[in-house]
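The chain below stands alone and is given as structure tokens, in the form predicted on its own.
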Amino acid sequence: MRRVVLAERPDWRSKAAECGFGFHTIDDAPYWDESAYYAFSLREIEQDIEAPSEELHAMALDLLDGIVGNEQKLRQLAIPEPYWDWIAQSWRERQPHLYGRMDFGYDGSGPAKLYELNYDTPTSLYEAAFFQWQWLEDQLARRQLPAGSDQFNSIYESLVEAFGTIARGIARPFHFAAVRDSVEDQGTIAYLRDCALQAGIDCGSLAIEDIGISADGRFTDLDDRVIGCLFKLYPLEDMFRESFGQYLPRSGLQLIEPPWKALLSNKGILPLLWDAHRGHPNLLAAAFDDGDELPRGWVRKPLHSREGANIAMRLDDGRELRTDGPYREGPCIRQACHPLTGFDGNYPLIGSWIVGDRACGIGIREDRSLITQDSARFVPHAIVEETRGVLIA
């Protein structure tokens, strides 16, 4: 694995506009960054990222039978009691799921280390699945990449296949929903809806704010039709706290991602994974936090923190890093500190995409800090084989 500086495509902004990639720049700062890319060998991808991703995914699913009926674990995960039976039923029925993203620290010199599971509302999907693939094809055509370069990226094909697999189990009408004013989230559901349409599924979209409640407690669209299935790019834990959340268990609404994903998108799954598989090469030691002073070599994370918010990191040398955010209250976990490796002052985090139950691609977000925040940049990648230290061209 290495970071390679590369000339940008001169027309990438116009191509982004043509295909609806409207969030390549956020708050006047670049989000999409193709001034460099990360090069991997095929062995690194297959053995160090793809295979561990599928193994860890299976390990996480194996924990769920022991969580849904365990009051202590549900309380550790801060799942509100009114939703316990609803979540348990969704798992026992194996209600269909679509996708998730695992975040890893990895630099090519040892096992990839799991930082967290983003299994409810993972983003950076469109840029990983489509725009970085377009980048690869364009740069190959421009001879800016070694001939034969590839990419770990079958995300689009996997999404269409997964939608086709679960199509029969999706209640109708089926809608995609996200916050109205979030350009990134709206772009993500537009892409996912296109994948569903390609799989032959009739579906619509609406803003999460436009969903109504009928007199008998069911969720409705703008035509006052009862929604059968809702893909919501909106955190389950937020739904639990808001006034309409009380209707979820009795509404008959099918969710994608399903309610049982609330157990996996929760950082409390990390100490449960560690307890079940201590010493696994891809896991970091983790425990539920007791609120005491953070020891050296540990990171404190709120259970529902997103985009690097409210993280406290105490490095082995005693230095401390902290981020602000809205997750100041509530339980946390501790995780052994495994700092990201710097590449020319940039710290890449590998996002490994799981669609259905299969690892199918990666996206890389790069920050100037050891804590990957919402200001991180998305940087493309390529598989570039080497032999005896010489690039295969």
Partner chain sequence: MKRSKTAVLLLMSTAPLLLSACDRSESASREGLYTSVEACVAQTNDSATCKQAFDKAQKDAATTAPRFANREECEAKYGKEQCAERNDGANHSFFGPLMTGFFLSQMLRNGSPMSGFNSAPAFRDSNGGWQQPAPGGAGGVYRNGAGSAMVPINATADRAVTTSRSGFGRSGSSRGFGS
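Just so it is clear, the structure is predicted and the values come from calculations on it, not from any experiment. Numbering follows the first chain given and starts at 1.
This protein has a second form, the form predicted in complex with its partner chain, left out of what is shown; the following refers to that one.
Here is the short version: of E320, D290, D223, E81, the single residue with a heavy atom within 4.5 Å of its partner chain in the predicted complex is D223. Only one of the listed residues (E71, D238, D85, D316) places a non-hydrogen atom within 4.5 angstroms of its partner chain in the predicted complex, and that residue is D238. With its partner chain omitted here, the record of contacts in the predicted complex names 134-142 of 282-290, 105-113, 73-81, 134-142, defined by a heavy atom within 4.5 Å. Proximity of C337 to its partner chain in the predicted complex: non-hydrogen atoms within 4.5 Å are absent; the residue sits far from the partner. Its partner chain in the predicted complex comes within 4.5 Å of a heavy atom belonging to L98. In the predicted complex, its partner chain sits within 4.5 Å of a heavy atom of Q198. Although the partner is absent here, V355 is a contact residue: one of its heavy atoms lies within 4.5 angstroms of its partner chain in the predicted complex. No member of the trio I49, D65 and W274 reaches its partner chain in the predicted complex with any non-hydrogen atom inside 4.5 Å.
If you take 202-216 and check each residue for a heavy atom within 4.5 Å of its partner chain in the predicted complex, you get D202, I208, E209, D210, I211, G212, I213, S214, A215, in sequence order.
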